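Take a look at this single chain in structure tokens; it is the form predicted on its own.
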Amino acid sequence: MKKIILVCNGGMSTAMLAKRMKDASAEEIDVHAYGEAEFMQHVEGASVILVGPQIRYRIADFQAETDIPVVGISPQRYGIMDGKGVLEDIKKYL
């Protein structure tokens, strides 16, 4: 099972997207949402770290802290909470 970490300011808005992603994958992925202050404590074994549009300016900072791919979530997909679309966007990391 692939592990995906979603990151935003507090982890609240990405928690909704995480649920939709899990539902869209028929629960074949392990996906969790965290705030930017705590997510590094949970990255072990992750295939990819997805960053919410509101903190995408931090992607380079996060990349410097880990060798796990760090990818920005499309603002359009994030805005409509398109879990299936986000999964399609990150297929190459899974």
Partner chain sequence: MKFNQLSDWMEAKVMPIANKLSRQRHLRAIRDTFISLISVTLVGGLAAVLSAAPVTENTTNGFLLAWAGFAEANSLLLTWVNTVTLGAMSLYACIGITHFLSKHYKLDTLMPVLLSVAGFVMLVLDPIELGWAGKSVEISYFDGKGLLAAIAVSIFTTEAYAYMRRHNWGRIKLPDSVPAALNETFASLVPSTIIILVFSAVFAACKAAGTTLPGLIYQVVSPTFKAADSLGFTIVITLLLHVFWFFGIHDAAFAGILGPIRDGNLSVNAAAQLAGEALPFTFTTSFWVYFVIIGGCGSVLALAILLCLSKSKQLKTVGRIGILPAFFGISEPIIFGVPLMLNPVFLIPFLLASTLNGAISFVLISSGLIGKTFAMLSWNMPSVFGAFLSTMDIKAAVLIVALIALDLVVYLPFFKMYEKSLVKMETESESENNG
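Residue numbers count along the first chain shown, from 1. Worth saying up front: this structure is predicted, and the values here are computed from it rather than measured.
The next section is about a form of this same protein that is not shown, the form predicted in complex with the partner chain.
Taking the partner from the other structure, the partner chain in the predicted complex has a heavy atom within 4.5 Å of a heavy atom of residue 55.
Shown alone here, residue 26 lies farther than 4.5 Å from the partner chain in the predicted complex, counting heavy atoms only. Taking the partner from elsewhere, residue 44 is found to have every heavy atom lying beyond 4.5 Å of the partner chain in the predicted complex.
At a distance threshold of 4.5 angstroms between non-hydrogen atoms, residue 61 is in contact with the partner chain in the predicted complex. Scanning 73-94 for heavy atoms within 4.5 Å of the partner chain in the predicted complex gives 75, 76, 78, 79, 80, 81 in sequence order.
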